[in-house]
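Let's start with one chain on its own, the form predicted on its own, as structure tokens.
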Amino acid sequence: MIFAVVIGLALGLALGFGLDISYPANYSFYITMGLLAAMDSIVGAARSMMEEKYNNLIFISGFVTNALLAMLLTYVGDKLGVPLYYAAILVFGGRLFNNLAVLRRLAIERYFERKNRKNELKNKQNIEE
């Protein structure tokens, strides 16, 4: 699994830097909001994998829906002259930090569980000797 992630990341970076793809500057704000929502979905997927609740259909549908919703809010707000993109920044940014906090806590818990298991095995081996 990790191997596939590293290969995908390397391939994406190579394509991104190798191909000369550009978009109009007018779209940059919409793309930024879509990327924020996509990052939220990716970190949420990592959290669900750590909690052993991951479902690929939920991830893909959430990834696309969140990105489109963020871009749609930005577009509608732009047309109305109201900064609706703040809603996307607030919601997706807040969820991103919340998911990162949970990931950190889960990683620390796993670290200490493994450390305690190793110590228990060492103690058990010392007692048997």
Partner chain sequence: MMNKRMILITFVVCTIIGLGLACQMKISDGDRLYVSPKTIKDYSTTINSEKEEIKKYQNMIEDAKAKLQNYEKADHSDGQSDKEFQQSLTADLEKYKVSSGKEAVRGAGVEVVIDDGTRELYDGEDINNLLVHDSDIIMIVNELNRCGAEAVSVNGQRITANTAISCSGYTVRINGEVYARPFKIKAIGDGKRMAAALVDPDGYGTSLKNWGVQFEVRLKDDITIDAVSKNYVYKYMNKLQKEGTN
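From a predicted model like this one, the values you see are computed outputs, not experimental measurements. We call the rigid core the largest set of C-alpha positions that still match within 1.5 Å between the two forms. Numbering follows the first chain given and starts at 1.
Another form exists, predicted in complex with the partner chain; not displayed. Remarks below refer to it.
Distance criterion of 4.5 Å from any heavy atom to the partner chain in the model of the complex singles out 60 from the list 101, 87, 68, 60. Candidate site formed by 5, 31 and 54: every one of these residues places a non-hydrogen atom within 4.5 angstroms of the partner chain in the model of the complex.
At the 4.5 Å threshold, heavy atoms of residue 108 stay clear of the partner chain in the model of the complex, well away from it. Contact check for residue 20: a non-hydrogen atom falls within 4.5 Å of the partner chain in the model of the complex. Although the partner is absent from this view, residue 35 contacts the partner chain in the model of the complex, with a non-hydrogen atom inside 4.5 angstroms.
Taking the partner from elsewhere, residue 39 is found to have a heavy atom lying within 4.5 Å of the partner chain in the model of the complex. After superposing the rigid core, the C-alpha of residue 17 moves by 2 Å or more between the shown form and the other one.
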